[in-house]
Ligand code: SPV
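Only one chain is included here, represented as structure tokens and corresponding to the form predicted alone.
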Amino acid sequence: MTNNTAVKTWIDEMAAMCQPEKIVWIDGSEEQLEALRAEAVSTGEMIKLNQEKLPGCYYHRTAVNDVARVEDRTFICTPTKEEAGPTNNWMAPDEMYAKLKALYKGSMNGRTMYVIPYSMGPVGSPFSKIGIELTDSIYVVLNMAIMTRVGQAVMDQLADSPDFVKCLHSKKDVNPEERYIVQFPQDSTIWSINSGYGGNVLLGKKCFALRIASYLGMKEGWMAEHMLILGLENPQGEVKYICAAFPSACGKTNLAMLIPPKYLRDKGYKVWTVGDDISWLRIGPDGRLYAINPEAGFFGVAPGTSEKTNFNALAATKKNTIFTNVAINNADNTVWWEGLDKNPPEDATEWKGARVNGKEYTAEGNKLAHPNSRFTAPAINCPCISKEFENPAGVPVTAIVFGGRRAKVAPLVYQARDWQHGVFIGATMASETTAAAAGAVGVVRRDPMAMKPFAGYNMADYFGHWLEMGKKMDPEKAPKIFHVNWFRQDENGDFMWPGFGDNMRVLLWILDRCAGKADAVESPIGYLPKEIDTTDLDIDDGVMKELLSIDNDLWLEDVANAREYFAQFGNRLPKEIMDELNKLEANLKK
């Protein structure tokens, strides 16, 4: 498939270490992928589901000890510990390579090594980057064929260039004690061993598209961010694009595929999904920021996904999808998970493989599907996928939104005063763990820009890169930055804002602010809305006032918490971030 010397030399070295029985190149053809599906079914690696109800869909079960990303086994190996920073696990590259080479030695004995050439982003786009993943798992091949653009076209694009990310994966014996997911940013290399779970082994996803790409972006003057991209179309047919970053369990996928409330649908408002998880952002020749979704599919959490919570995500799973660690409904060989509906199948196979009466099993408090069970679905299946999804030039970004889960502190929405202040807001992003006592505030977990587990270098330098990017944009065209909080609670611990489709009302205020059409009130933390459209909403003025209120004492506590968090970065933290923190504290004390 290639005469590229750099590629061939690298594959020869990896094969000599892993000692596979044979090497198979993935050309991206449907014939080859279909043969691999059949092989995986014959060995039990995959189960073919009901092809009438779920055409092209398959089921996979991981090892019970291998069901999620393992942050404690994930490393950033840079020449110095300071380059990785205090929020990453670090080991010296030479030491890690030596440790891993011993583990990889003979790890593919008797197995096939699959060579997957893949493009993050449309093949040939100026945004796109190429990776090659070597793996001994058909499951990985079939998932990568959904999540990325794979095959010969990628090698044709690479031609004889040595500029590709080198990805090596072996599931070996899935031993959690010897499980490692390691990024070597300076070498554009990712090595993963002893896992078969998607987040650890689909190396184009978080490993490349965020950890390695964030480092490349810092070096090359662009950004790789843990952000959805949505297009909001008004009744006049104009579409504006928003990028938004949220920590887990804050409704990111729901927002990416939002269905407007009936009142706004009837007016002609629509939402188009460009991406649900990752954005790559570059400054265009016109000084504006443009974004692409580097992925080609959705790797979504199944539990909680239903027609009611996320109609579009569920619709995307109806064909050519791989389900992992959900339950099987034995009556018709389809899938089920908690939150899909209220009717667990009576004859079910739960995620670990035991055949059970689902109704009795769940009544005991057991879960039929693992809480982190997944679907891997082609983005093209999504009913609201944007027509700009494959646009190699990306989409122009009007607004950037940060969000967290805060019971009392953050208002429903507020706007940063300028880019620097917006970077500070992103840097102080946090969520709270849910607390048992009603209305009690949980533990604050800082997750700057929702990138804490994914920044491929020192987080303080990452803040600095954001500040630099702001200086390179045309200030008139730079996206305005906002913070939202759908999770404000009243004194009984109940959510005050309806969320889901009604979040559209907040997005419309955000876009009106960007267009200079909406009024705002200056506050110690930034600009607050004078009003949000609540037409047809059962929410009184007092609740809206509370949703947009600021408790200075609670905010001062949050300032102290942020100060403590930033202390770990020492003098590497950009001065601008501390300036903004001090300014916030002074504003709150006035």
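Numbers for residues come from their place in the sequence shown, where the first is 1. For clarity, every value in this text was computed on a predicted model and none was experimentally measured.
The following text describes the form predicted together with the ligand, which does not appear among the structures shown.
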- Message: Contact with the ligand in the model of the complex for K205, defined as at least one heavy atom pair within 4.5 Å: yes or no?
- Response: yes
- Task: Indicate whether the ligand has at least one heavy atom within 4.5 Å of a heavy atom of S248 in the model of the complex.
- Result: yes
- Does the 4.5 Å heavy atom contact test between F299 and the ligand in the model of the complex come out positive? yes
- Closest heavy atom of W351 to the ligand in the model of the complex, within 4.5 Å or not? no
- Among the candidate residues W336, W191, Y197, Y462, which is the single one with a non-hydrogen atom no more than 4.5 Å from the ligand in the model of the complex? Y197
- Could you work out which of R505, R374, K129, H483 is the residue within 4.5 angstroms of the ligand in the model of the complex, going by heavy atoms? R374
- Message: Please pick out the stretch from 107 to 115, 131 to 139, 158 to 166, 205 to 213 that is in contact with the ligand in the model of the complex, where contact means heavy atoms within 4.5 Å.
- Response: 205 to 213
- Query: Heavy atom within 4.5 Å of the ligand in the model of the complex: which residues of 131 to 159 qualify?
  - Reply: none
